[in-house]
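In structure tokens, one chain follows: the form predicted on its own.
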């Protein structure tokens, strides 16, 4: 019975999130006490559902790009031909973590203009490190006996990578992607300062008008999305680990 409680709580959270995004006026009585001087309790300068979808779209594009680059770099530096590039690769993926997101946006706007592009650049840079490091860990900790067995079976280096090393590294790589996605979900809100369409619009509108209801609903939507996506990726990671454990056995 207790095992069902976390799942039930997640389903309730998902149902509440969908209900709020599709029918936010249902929740107006709960948020009204947080407003002042007759200000609206529900964000009325755009569709919350549309902003949530655009927020997720921006995060998905940036994360997909980060996965391609980070995994490719990790593969390169774990091959004999690219091992000397490991320090350089680490320096490159650490760039995003060196500068605060606002600084990255400020540097990107003069080059690519306002809108979604500078936000994508910031999220891409911020998402590289956890994916790269986890992929690197996964590839370098693959059981040596399994790799040797694959080599003894006549597999080439690329065949071992694609059929043995990467599949066994999937759970660790997914953990890095999970961390990257959660970071990007929160960081994407800052993109609204450079005219990107994200849920940050709701928070910024609340801060500008001193409307706590706007700030709360924007923050809670982002938090709910982060929790649900984190849990979904965690479940996927556990499934992959279980499957790889069966294959290794």
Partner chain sequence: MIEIEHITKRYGETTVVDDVSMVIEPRTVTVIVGTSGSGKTTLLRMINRLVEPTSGTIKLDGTDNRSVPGHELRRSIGYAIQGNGLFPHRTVAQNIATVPSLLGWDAARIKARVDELLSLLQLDPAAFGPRYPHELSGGQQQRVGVARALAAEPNVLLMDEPFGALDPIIRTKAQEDLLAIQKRFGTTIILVTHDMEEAVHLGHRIAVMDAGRLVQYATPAEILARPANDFVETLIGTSDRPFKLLSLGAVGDAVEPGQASGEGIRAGASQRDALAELLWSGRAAMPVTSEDGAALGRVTVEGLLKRAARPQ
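Numbering follows the first chain given and starts at 1. Since this is a predicted model, take the numbers as computed values, not measurements.
Although not depicted, the form predicted in complex with its partner chain is the subject of the following passage.
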Look at the stretches 147-155, 98-106, 119-127, 75-83 and give the one with heavy atoms within 4.5 Å of its partner chain in the predicted bound form.
147-155
Since only the chain is shown here, I'm wondering whether residue 174 would be in contact with its partner chain in the predicted bound form (any heavy atom pair within 4.5 Å).
no
Just to confirm, residue 137 within 4.5 Å of its partner chain in the predicted bound form by heavy atoms?
no
Test of understanding: in the predicted bound form, would residue 163 fall inside 4.5 Å of its partner chain by heavy atoms?
yes
Touches its partner chain in the predicted bound form: residue 159 (any heavy atom, 4.5 Å):
yes
Of 179, 93, 71, 168, the only residue with a heavy atom within 4.5 Å of its partner chain in the predicted bound form is 168
